[in-house]
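Presented below, as structure tokens, is a lone chain in the form predicted alone.
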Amino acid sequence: MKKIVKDKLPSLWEQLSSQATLFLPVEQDGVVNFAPWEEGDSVNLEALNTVVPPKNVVFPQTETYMRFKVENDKLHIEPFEQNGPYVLFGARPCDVAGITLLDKVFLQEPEDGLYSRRRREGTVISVACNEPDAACFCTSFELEPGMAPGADIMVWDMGDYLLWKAQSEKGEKLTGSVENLLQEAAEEEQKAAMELKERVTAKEAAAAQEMGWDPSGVKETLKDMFDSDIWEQFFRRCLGCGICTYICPTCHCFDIQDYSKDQEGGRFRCWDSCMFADFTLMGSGENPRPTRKERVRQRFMHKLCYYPSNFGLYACVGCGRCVRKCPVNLDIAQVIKEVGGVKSGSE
């Protein structure tokens, strides 16, 4: 393992940004989100979660498929935008796990070309969590707040320095490019980081267990609950605002739109939400999910039943964003708890 003292982080940002676009958790007006780093930005590596997950880097909220224009009665198609290499520094282990879940959707055949290229061009550096809060429950999904296997480099914040471990070929290559800023980590420093990791994992697991956020068996239980009265209870609380989908690191619904003005136009993709009434609206006017009841049911059935049936993993990483942000406290942790209650006969 290597280490870098925090006094050298500004130099690290400069070196990384000279090689690729560097995305860091940047704080502006008290809000922390990932953004391309510029000199003078306020970087906050201690923020537990950014408001918008870093999936926005690999799966942008809006992206252009193509542009076209008509000149001299001929149609000219412009090529896809080339974004180039990037480094995503500071993603939490839960958000790295969220990107891994997106991979299973976008990298299966037929592969999504834009997503695939963006993933190939990126190097992901994850920062371990030292103090998850009461809304975190990643351990419920067999994740660790102090470890991100899907990251190219894993970093632990040890106070005055960051412990640094490359986990892939891309991680080794990037590590070599900033070798002048790194030092060898002593054995006792490495041991301290692993002990911290174990303590944090145990603490979060105990808290999640106490709250009843245990998804084991929920997939099988939900298979027989499509017509359950429990959806009546859930949907009446839902406002249909869609905030849960936009801040979720695993949601991947999108829409494709064309636009034109005069002799120019284009096609773009943008995030969409299964919580919106027009998400399943057909050209004929038919809508298979006409009310919030069907939409609420679909959201939680997808994450806790359909996705795991297809890919073997729950489509949740326990980041806690929906727990913190849902205005009516209708979050996936609450659904897991209540569905678990049905399973155990405590309804």
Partner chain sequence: MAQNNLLLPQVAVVEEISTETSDIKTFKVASQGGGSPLEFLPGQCAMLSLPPVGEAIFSITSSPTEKDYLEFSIKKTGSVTNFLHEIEEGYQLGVRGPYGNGFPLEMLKGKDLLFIGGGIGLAPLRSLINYCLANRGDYGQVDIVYGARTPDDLVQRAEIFDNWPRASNTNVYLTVDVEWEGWDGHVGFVPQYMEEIGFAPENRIAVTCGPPIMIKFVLEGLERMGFKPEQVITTLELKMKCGVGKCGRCNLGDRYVCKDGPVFTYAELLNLPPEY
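Residue numbers count along the first chain shown, from 1. Bear in mind the structure is a predicted one, so any value in this text is a computation, not a measurement.
What follows is about the form predicted in complex with its partner chain, which we do not show.
With the partner absent here, would 149, 186 and 337 each sit within 4.5 Å of its partner chain in the predicted complex, counting heavy atoms only?
-> Looking in the predicted complex, the three residues 149, 186 and 337 all stay beyond 4.5 Å of its partner chain (heavy atoms).
Among 72 to 80, 151 to 159, 200 to 208, 213 to 221, which stretch sits within 4.5 Å of its partner chain in the predicted complex, heavy atoms only?
-> Every other range fails; the passing one is 72 to 80.
Spell out, yes or no, whether the shortest heavy atom distance between residue 258 and its partner chain in the predicted complex is within 4.5 Å.
-> Judged by the heavy-atom cut-off of 4.5 Å, residue 258 is in contact with its partner chain in the predicted complex.
According to a 4.5 angstroms non-hydrogen atom cut-off, is residue 45 in contact with its partner chain in the predicted complex?
-> Contact check for residue 45: no, nothing within 4.5 Å of its partner chain in the predicted complex.
Is there a heavy atom of residue 108 lying 4.5 Å or less from a heavy atom of its partner chain in the predicted complex?
-> Flag for residue 108 set to yes.
Contact between residue 39 and its partner chain in the predicted complex at 4.5 Å, heavy atoms?
-> Judged by the heavy-atom cut-off of 4.5 Å, residue 39 is well away from its partner chain in the predicted complex.
Contacting member of 119, 165, 170, 252, with respect to its partner chain in the predicted complex [4.5 Å, heavy atom] | Spelling it out, the residue with a heavy atom inside the cut-off is 252.
In the predicted complex, which residues of 258 to 273 put a heavy atom within 4.5 Å of its partner chain?
-> Heavy-atom contacts within 4.5 Å come from 258, 260, 263, 267, 269, 272.
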